[in-house]
Structure formats: structure tokens, C-alpha cells
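Subsequent text provides C-alpha cells for two forms of one protein chain, presented individually as structure 1 and structure 2.
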Structure 1
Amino acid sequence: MNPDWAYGLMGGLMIGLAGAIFLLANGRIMGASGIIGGLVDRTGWSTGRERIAFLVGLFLAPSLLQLLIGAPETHATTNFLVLLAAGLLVGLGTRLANGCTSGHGVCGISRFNLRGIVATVFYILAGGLTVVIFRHILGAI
């Protein structure tokens, strides 16, 4: 197997285990956009400390690991307008749809939740179409 895929599978199992811990211990769904979005729009302030603890772990653990083994490459575009548009779309879209890759994709599909499955199908289709148009037709990304 391609080593990238093996790392993908290993990292995926860790992500799933993290979601399992958050569910079985705290009774919460591990959705990154919901956890951060609830703090931004104040709808989740009653569970604010738990949300902040999760986000501190999410930021801190990779930070410490990159100090030990070095930062992985990221290849993000340096086009400011593309980054701005992408961030706005992700922020608005995930709040409107009530979830992102972790919430709808990982936690929703594993529960056979119809909303999670439908959301995942639509964001993958939209993402694929966006890459095809902006990379192969417009040559912008």
C-alpha cells in the first residue's frame, strides 16, 4: 500500500478514536465547525469551557508534534482573494448546513444519519466541481 494511504488510515483511526472518546465520555458530537462556530455566534456559550478545551487540544497537539518531527508541507495557495473567499464559504456554509467533514462526514455517516450522508455527498460533489473548474478550466488554483 502507498505509505501516504497507510498514514491516512492510521490518522483516520486516530480521528475516529477521538470522536469516540468525545461521544462516550462527554456525550458530544465531534464536529469541528459546530464546536468553534458555537463560540463565534454565542449559541454554544453554555458549554464554552469544554469547547475551548477541545480547540486548545486541536491546536496544541499538532503544534508540539511539529516541534519534535518538523512541520509537514501544506501547499496552500498564496492568492489572498482565493483564501478569503474559501474561508468565508467554509465559515458560512458549515454553519448553514450545521456541520462539516468531521460532524456530518465522520460522526453522521457512522450513525447512518441521512442528513450527514446527504451533506457529505453535496460537499464532495461541490468540492470536486470547484477543483475541476478552478484548476482545469480557469487555471486559478
Structure 2
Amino acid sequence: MNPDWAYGLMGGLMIGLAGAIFLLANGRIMGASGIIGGLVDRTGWSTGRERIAFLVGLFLAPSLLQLLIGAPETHATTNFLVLLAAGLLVGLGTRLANGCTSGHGVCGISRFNLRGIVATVFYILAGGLTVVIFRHILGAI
């Protein structure tokens, strides 16, 4: 049996749990891009230790799961230029939308926030358009 659905379910549950804990403990919406952005532009240095702890957990949790259950097979490309372009586009989209999937998609939609719903619809459409362009027109992925 293909366990891909279980990995997606576990990831979704962990993101939802992290968002709920962050909101209950801090009274703020969890958004990874906002947490990172506050460290980069120094507007969030007053909560720097909390932000760094969040980011450390963000990287440690998948590493620990990989040690426990192994790495799932992915279909991610190894083409460095495609990965670089994808990272830059995600960063640009995050800045334009004033948030990312965790802030708008997970925490925004779960609170019926209109801005989060609209942003999520647009970045899903942008993701689909990007796949069409990169896979079917450019043949890059």
C-alpha cells in the first residue's frame, strides 16, 4: 500500500497542531514567512528567541521523522535552476500576498478569514499555472 496519504495526513496534522499551539500560547497567527521576515528585517527581534525556536523545530521535526520512518519518495526535481527559480517565486509571492501557506492557508482559512481565503485561492491558481508552464510548455520538470 502506498503510504503517501499517511505522510500528507501526518504533515497536515502537525502543521495544524503547531498553528493551534502558537495561537493559544501567543495569541498570534502562525506564519512561517512572517516569522522569518521579522528576523531578516529586524522588526521581530523582540521575540527573536521564540522565532528561532520555531524555525529550529521546523527543521528538526522532519529530520527526526526521517530518522524514525525513513525518507518518503518524492517527485521533487534536482535541477538547481528550477529549485532556485521556485524559491524566488515563492518568496516573491509571499511578499506580495503578505503571508504564506501556513499563515493564510492553514491559520487564515481555519478562522474563516476572507483575506486568507482569497490569498490561498490565488496562490493555488499560481501554483497550477506554474506547473503548466514549467512542465508542459518549458519541459523543465
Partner chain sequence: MLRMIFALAAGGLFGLGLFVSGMTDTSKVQGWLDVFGNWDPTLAFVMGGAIIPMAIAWRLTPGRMPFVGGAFPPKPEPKLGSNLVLGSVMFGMGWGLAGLCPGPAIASLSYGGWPHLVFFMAMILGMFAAPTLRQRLDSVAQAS
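Each residue is numbered by where it sits in the sequence of structure 1, with counting from 1. Under this definition, the rigid core comprises the largest set of C-alpha atoms superposing within 1.5 Å between the forms. This structure is a prediction, so every number in the text was calculated from the model and none was measured.
A.B. asks: Which number goes with the form predicted alone?
C.D. replies: Only structure 2 matches the form predicted alone.
A.B. asks: Following rigid core alignment, is the displacement of the Ile109 C-alpha between structures 1 and 2 equal to or greater than 2 angstroms?
C.D. replies: No.
A.B. asks: Does Leu83 shift between structures 1 and 2 by 2 angstroms or more at the C-alpha, the core having been superposed?
C.D. replies: Superposed on the core, Leu83 moves its C-alpha 2 Å or more between structures 1 and 2.
A.B. asks: Using a superposition on the rigid core, decide whether the Cα position of Leu65 changes by 2 angstroms or more between structures 1 and 2.
C.D. replies: It does, since the Leu65 C-alpha is displaced 2 Å or more between structures 1 and 2 after the core fit.
A.B. asks: Using the rigid core as the frame, report the C-alpha movement of Thr74 between structures 1 and 2, one decimal, in Å.
C.D. replies: With the rigid core fitted, the alpha carbon of Thr74 is displaced 4.6 Å between structures 1 and 2.
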